[in-house]
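This document contains two forms of one protein chain, each encoded as structure tokens and listed individually as structure 1 and structure 2.
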Structure 1
Amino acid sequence: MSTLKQTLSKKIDEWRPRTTKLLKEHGTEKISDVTIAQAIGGMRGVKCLVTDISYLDPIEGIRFRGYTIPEVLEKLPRPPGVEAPYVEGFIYLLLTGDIPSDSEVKEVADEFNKRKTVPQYVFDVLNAMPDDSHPMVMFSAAILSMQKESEFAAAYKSGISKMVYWDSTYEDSLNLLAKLPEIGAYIYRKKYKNGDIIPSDPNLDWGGNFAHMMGIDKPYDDLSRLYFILHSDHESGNVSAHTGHLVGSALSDVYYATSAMINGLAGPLHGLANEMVLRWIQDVIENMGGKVPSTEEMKKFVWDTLNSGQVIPGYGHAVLRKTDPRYTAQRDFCLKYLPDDPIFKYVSLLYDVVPDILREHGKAKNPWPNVDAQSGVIQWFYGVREYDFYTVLFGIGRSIGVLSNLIWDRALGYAIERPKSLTTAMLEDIVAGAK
């Protein structure tokens, strides 16, 4: 058994009594009340999910297993001479809560190498799809097509104890994670590079191999590692993470759950916002005939968008109330590698004008940029200009968090989700009764 699986198994055994004790001895203690506004308004702020993989503070931003983004980037092992750590080490951290050693990272990389061959039928499915299929549809379909490989589904049919659900879920998760960079790069090269597929290189790490298969030179490998880590997890309540958890809670295997979470990520208010940001900026560039707009001109574009009833993509958040640290980490990357890029100048100009305008507009609770405001510009700079592909990149990263959560969901025996709904008339009765 690998060190990762052994460590995880030990941690699960240690953790289970905590969950059992909370349920048995404190199960009736309250952590949340729900208002009518929350029931109608997307359950904002209702505390009714549990995860130990990451926690999102409205002001500070995300912590992965207790570590801030700068701490994660600093503490995890990295390839020589680069800034972003190995994704393999980050996966080890999310699953176990421990910072791995170099040799533990290498073991995870070897595990992925053993598991990364994508069955030919997946490529056949992708090749059979219409040329104008959205890359997110292709990504979701490719993942779903592999459901028949599920070790959990086979084990469940054969009759296994709840105590070992996590084991085959772990195997499924590693099998799927190993293949995602291959599938993502295949979709990109098939759709936008005349099907000129670049074979995988077994000597490269997860992020480095993805950059290689995309056909993009350094430092795109470093960017890929950074990008996948930043997009991995944002606690459990966002649409993609929650969808993965919800579908998995019915004991659907990770192929069903991950494909479903990709479908949620594809919404423009969620992951697709990274595509929308670039689309919006391209519109501005077209309108300006390529010239970088003045501050006043940019303000006008922002107001025109708001006045036409649209949102400013890349701004606002359901939980955060400050600039997203994932935005800041990507901005730091831009300042280092592409400070003079014209599109980065647009993005910077937006940062100067949008928060004040959103405050004046008076609707958004958070006027600050989120992760999606900055991510497309970097991809554009390195030649990935097909912005409908950007959310696939997000999806590869998000799978890391969703799959880590699914393994722990199974280990701790989290129940099938089934919140209760009321009718509008019941709400009206409650209001009348309160009066």
Structure 2
Amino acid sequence: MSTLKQTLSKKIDEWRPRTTKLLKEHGTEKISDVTIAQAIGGMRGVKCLVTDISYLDPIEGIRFRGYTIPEVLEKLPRPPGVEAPYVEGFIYLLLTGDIPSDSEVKEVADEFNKRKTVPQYVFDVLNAMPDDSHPMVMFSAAILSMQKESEFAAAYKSGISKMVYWDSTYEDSLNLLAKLPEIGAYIYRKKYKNGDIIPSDPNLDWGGNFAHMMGIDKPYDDLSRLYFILHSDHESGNVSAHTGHLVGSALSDVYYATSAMINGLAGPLHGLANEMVLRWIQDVIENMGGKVPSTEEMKKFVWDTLNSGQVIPGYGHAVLRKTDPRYTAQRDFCLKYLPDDPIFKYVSLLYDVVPDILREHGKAKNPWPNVDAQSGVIQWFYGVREYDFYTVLFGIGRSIGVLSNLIWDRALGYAIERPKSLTTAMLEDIVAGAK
């Protein structure tokens, strides 16, 4: 048994009594009151999910297993000569809560290398799809096609104890995670590079191998590591994470759950934000004749946009009340590697003027940029200019957090998700009774 799996098994044994005690001794204590606005408005803000993988703090941003993003980027081991940590080490952190050693990261990387061969039938499925298929449809279908490989489905059919559901879920999750970079890169090269497929390199780490298969030179490997870590998890209530949890709560295996998660991520209100921001910035550049405006010219443009009833894409966040640390991490990358890029100059100028204007405007709860304000800009700089593919990149990263959560959902025996619905007439009766 690998060090990661041994450590995870020990953590699960230590954690289970905490969950059992909360249910048995404090199960009737209330943690949330639900309003009609929340019931109609997508349950926003309702405290009804549990995850220990990540937490979104309004001031500090995402904490992964208690660590802030700067702490994660500083503390995790990294490949020689690069700045972003191993994705393999980050996966170890999400599963166990521990910062791994160099030897533990190498062991996880070796484990992934053993599991990363994609079955030929997956490529056959992708090759059989129409040329104009959306890359997210291809990604979801590729994942779902591997369901027959599920160790959990086979173990459940044989009648295993619920106490070991997590074990085969762990095996499925690592098997799937190991294959996602190659599947994503294959889709990209098939659709956009005339089917010129670049084989996987067994000597490279998870992020480095993805950059290699995409056919993009350094430092895109470092960007890939950073991108996948920053997009991995965002609590459990967003559409993609919640969908993975919901489908998994029915004891559907991780192939069903991850494919469903990808489908949720494809929605315009969730995973397409980085594409929409980039398109908007490119429209701004065109409207300004391609020149980098002065600060005053940009201020006037922002005010004109707001006064016309439009918003500034990439600014604001439902929870955060400061600049998204994911934005800051990507900005630091841009300042080092593409400070003179024309699009980044626009992004940087917007960062200089928009927050103060939004505060003065008074309608934005959070005037600061979020992760989507520049993530697409960096991909564009490195030649990934196919907007439709950006959400596949997001999906590869988000799978890390969703699968980590699914393993722990099974370990702690979380129940099938089944909220209660009310009719509109019932809500009206409640209001009438309250009055």
Ligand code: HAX
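This is a predicted model, so every value here is computed, not measured. In this text, rigid core is short for the largest set of C-alphas that superpose within 1.5 Å between two forms. Residue numbering: sequential along structure 1, first residue numbered 1.
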Inset, instruction - Only one of these is the form predicted alone, so let me know which. - result: 2
Legend entry - Did Tyr165 shift 2 Å or more between structures 1 and 2, C-alpha, core superposed: no
Legend entry - CA of Asp283, rigid core aligned, shift of 2 Å or more between structures 1 and 2: yes
Legend entry - Rigid core superposed: Tyr55 CA moves 2 Å or more between structures 1 and 2: no
Legend entry - Rigid-core-superposed Cα shift at His361 between structures 1 and 2, Å: 7.5
Legend entry - Rigid-core-fitted C-alpha displacement of Val347 between structures 1 and 2 (angstrom): 2.4
